[in-house]
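A single chain, nothing else alongside it, follows as structure tokens in the form predicted on its own.
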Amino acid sequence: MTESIYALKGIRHCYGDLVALSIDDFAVAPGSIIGLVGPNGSGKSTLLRMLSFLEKPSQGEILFSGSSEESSTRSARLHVTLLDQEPYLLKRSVMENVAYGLKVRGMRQGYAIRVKEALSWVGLAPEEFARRQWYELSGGEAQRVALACRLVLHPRVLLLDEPTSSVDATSAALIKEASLRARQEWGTTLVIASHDWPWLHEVCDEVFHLFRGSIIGSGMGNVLFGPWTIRADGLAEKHLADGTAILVSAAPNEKSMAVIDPRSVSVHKAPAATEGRANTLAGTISALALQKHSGRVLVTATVDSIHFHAELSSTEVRARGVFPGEQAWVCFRPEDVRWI
């Protein structure tokens, strides 16, 4: 059995009276790609900082390659690197920024080849960008340089915190491609926190949901947040901006979170196919992604800024005509929700 590169046991982390993380047991296999999803404030960034050893948990232990002692040493931290959403660059040239980590690790000669390789991976021509200063970069270029600073180290673990949320489409594609290449070429373990659900489901071995600091499940479940209005018949509803409402089974309270299995959600192009469904919501198909393991297609439809995911076969996708940019109707039963 392969030893986990990370094993978290009894983790509790607090900021004052606020419990930011509460994870009893969590493991990451070496060379795997793990996705983290959840609303802002759910604990994703805190968990990544723990995995990068930038913060120590208030309680519990983090084993790295089977050793709790190693996780607190400089040796372990040298194998792990974190890319934040906002790039931080030193006030110096691109070459000096990317080479900095190597120099800190004692490589003060022969680093130019590694720097050029890292810049090429993120789509920045070394002959053009190596001498540029940090202030001469666009936002997308700065984020790619920040990733090159990590890739040049050939890390065992690359942690990514919303790496593409504030960059242009070209930079986002290059960041995604370079990150996956690290896994392919070096066996780097990737842990990615992102709101880009279709991409995560396409590339990750497993996707975990965080809510209020806890891992509440895995897979591409649909998540619905309150506030909920409790009706006289015991059901609950969430009102949308267009005047429609989502109807669900009795909510524990108005701030509860509902989870719906994608297999319980149906997406149709023709409204006639949705007749008699308690929840029939008009939206737009925003993405299609082939699922890594099942071979089925994950269809993402956006309804009033809420992303719904449904699993269809490729035959069903073609037959129903549900393609990106097309209007569609999302259906599910009130009793299909699970409350968290």
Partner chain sequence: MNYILEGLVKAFQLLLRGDPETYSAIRVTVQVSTYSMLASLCLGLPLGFLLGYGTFPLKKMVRTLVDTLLSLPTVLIGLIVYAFVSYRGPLGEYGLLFTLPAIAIGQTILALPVVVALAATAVESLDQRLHTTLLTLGANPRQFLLSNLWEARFGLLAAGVAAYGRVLTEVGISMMVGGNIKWHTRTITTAVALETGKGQFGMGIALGLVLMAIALTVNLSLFFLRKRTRH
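Numbering follows the first chain given and starts at 1. Owing to the predicted nature of the structure, the values given are computational and were not obtained by experimental measurement.
In what follows, reference is made to the form predicted in complex with its partner chain, a form of this protein that is not presented.
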Discussion item. Can you pick out, from 164, 222, 81, 266, the residue that has a heavy atom within 4.5 Å of its partner chain in the predicted complex?
Written reply: 81
Worksheet item: Which residue, 87, 262, 213, 126, has a heavy atom that falls within 4.5 Å of its partner chain in the predicted complex?
Response: 87
Practice prompt. State yes only if every one of 278, 294 and 320 has a non-hydrogen atom within 4.5 Å of its partner chain in the predicted complex; otherwise state no.
Written response: no
Worksheet item: Among 117-125, 165-173, 238-246, 144-152, which stretch has residues with heavy atoms no more than 4.5 Å from its partner chain in the predicted complex?
Response: 144-152
Discussion item. Residue 229 versus its partner chain, in the predicted complex: is there a non-hydrogen atom within 4.5 Å?
Written reply: no
Worksheet entry | Close approach of residue 256 to its partner chain in the predicted complex, 4.5 Å, heavy atom | no
Discussion item. So, residue 198 and its partner chain: in the predicted complex, are they within 4.5 Å at any heavy atom pair?
Written reply: no
Practice prompt. Mark residue 186 yes when one of its heavy atoms lies within 4.5 Å of a heavy atom of its partner chain in the predicted complex, and no otherwise.
Written response: no
Discussion item. Can you list, in sequence order, the residues from 122-148 that come within 4.5 Å of its partner chain in the predicted complex, counting heavy atoms only?
Written reply: 133, 134, 135
